[in-house]
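In the block that follows, a single chain appears as structure tokens, in the form predicted on its own.
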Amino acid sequence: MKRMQAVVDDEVVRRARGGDENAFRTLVETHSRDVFRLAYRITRNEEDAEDTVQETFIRAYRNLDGFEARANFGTWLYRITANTAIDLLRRKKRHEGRHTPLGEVQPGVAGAQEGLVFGHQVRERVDSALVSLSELERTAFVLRHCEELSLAEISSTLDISVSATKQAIFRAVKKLRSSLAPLRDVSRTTP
């Protein structure tokens, strides 16, 4: 399926390079959902993800002539998305100062709502843990464990070596395990 999409993309990219605006619109329609999903997983914010999607396609349009036809368009677009999301996070960090982690989670409500409260606590803790990762670690982790890209694809997308990719993912997993360990302990003691 991916191979077939790549062949279709090649033809559409060729037409878009020739000035066919409908062809570029087709690329946007084809890839916007995947771009948004990746942007959201990196930024953890819907508005930032939407801004990232818009900026990604603007950058892609402006640099379409620089796209090498032998490369996969989707991977090239992921690289732009990841870099755009990271740039946005860095700009926000400079303007807003450091992110303050979410406060400690309140104790759960008794009865049937305990499971819902615990699920909400887990989501909050995961979001907080993801935000605490560096931009590179978060992006590498998301590309590997959410988008299910290979190490070579992630390496190409982030323009780093496979070894650096492995290290970023390893550091991310280690930090996430550490951040989420208290939840694991709580779930073991809960009946």
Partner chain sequence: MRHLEEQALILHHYGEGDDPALVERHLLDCKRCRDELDAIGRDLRDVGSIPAPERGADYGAEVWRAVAPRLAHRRSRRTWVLAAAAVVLTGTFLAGRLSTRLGSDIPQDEVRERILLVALGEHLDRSEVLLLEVVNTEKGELGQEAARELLRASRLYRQTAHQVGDIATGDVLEELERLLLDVAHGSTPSDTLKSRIRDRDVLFKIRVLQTNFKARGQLLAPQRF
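None of the values given here were measured: they were computed from a predicted structure. C-alpha atoms forming the largest set that superposes within 1.5 Å between two forms make up the rigid core. Numbering follows the first chain given and starts at 1.
Beyond what is shown, the protein has a form predicted in complex with its partner chain; the following relates to that form.
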property: Candidate site 29, 55 and 151: all three near its partner chain in the predicted bound form by heavy atom within 4.5 Å; result: yes
property: Residue 132 within 4.5 Å of its partner chain in the predicted bound form, heavy atoms; result: no
property: Residue 159: touches its partner chain in the predicted bound form, heavy atom cutoff 4.5 angstroms; result: no
property: 4.5 Å heavy atom contact, residue 126 to its partner chain in the predicted bound form; result: yes
property: Residue 146 within 4.5 Å of its partner chain in the predicted bound form, heavy atoms; result: yes
property: Residues in 34 to 58 with any heavy atom within 4.5 Å of its partner chain in the predicted bound form; result: 36, 37, 40, 41, 44, 46, 50, 53, 54, 55, 57, 58
property: Threshold 2 Å Cα movement between this form and the one not shown for residue 130, core superposed; result: no
property: Core superposition between this form and the one not shown, C-alpha change of residue 154 at least 2 Å; result: yes
